[in-house]
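The chain below stands alone and is given as structure tokens, in the form predicted on its own.
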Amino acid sequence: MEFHTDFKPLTVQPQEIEERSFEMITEELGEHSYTAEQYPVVQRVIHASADFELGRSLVFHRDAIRAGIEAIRAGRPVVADVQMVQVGISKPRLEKFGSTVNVYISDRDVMEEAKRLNTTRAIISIRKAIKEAEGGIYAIGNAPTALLELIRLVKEGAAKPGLVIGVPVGFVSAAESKEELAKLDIPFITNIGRKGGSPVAVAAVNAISLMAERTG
């Protein structure tokens, strides 16, 4: 059976589609208080989610963008809380600087330790990550417990991330974990409320890696 439609796309060229999308986002977003260096992150988050409310809810530490660019250009690793974040991040740009995207949540030792301690794999994966990713970028889009554990370790001086992108989505502890992150005086990108998710974390990392590439 064949289906017919009268709708014709404005363009089928990927670059043109992206450029027109960004133009529409800028037009619809209107006036905002984000800086010129923060705006590319906001723009890509809205592009990934089609959610202007989410875009307007983003909160940046004053050093977030600079710290993220420096971490990538120094070849520091990116730590993803789940595979969905790892898969979405553009690897070629990071590889130019010797950076990798690591995820630990499905590692056998993490699963065994989480079972032994009767806790979440997300928590144990962060405990493992801090031993291998000092100065790296943590991209957390799904697990509030991972973000809360990272915050605890930062407060104790055990974790020294270069940038924390903490945007977990959900109902239990998601909004609260982001509120706690925003209290820290370390480079972070987060948002207010329950919204977030893998596409948001991915969009933020990709926006920063693009800026790192262009300033290289």
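All residue numbers are counted from 1 along the displayed sequence. No experiment lies behind these values; they were computed from the predicted model shown.
Absent from the display: the form predicted in complex with a small molecule. The rest refers to it.
For the options 89, 94, 71, 82, the one in contact with the small molecule in the model of the complex, meaning a heavy atom within 4.5 Å, is 82. In summary, the region of this chain contacting the small molecule in the model of the complex, judged by heavy atoms within 4.5 Å and restricted to 118 to 126, 131 to 139, 94 to 102, 71 to 79, corresponds to 118 to 126. Taking the partner from the other structure, the small molecule in the model of the complex has no heavy atom within 4.5 Å of any heavy atom of residue 181. Although the partner is absent from this view, residue 170 contacts the small molecule in the model of the complex, with a non-hydrogen atom inside 4.5 angstroms.
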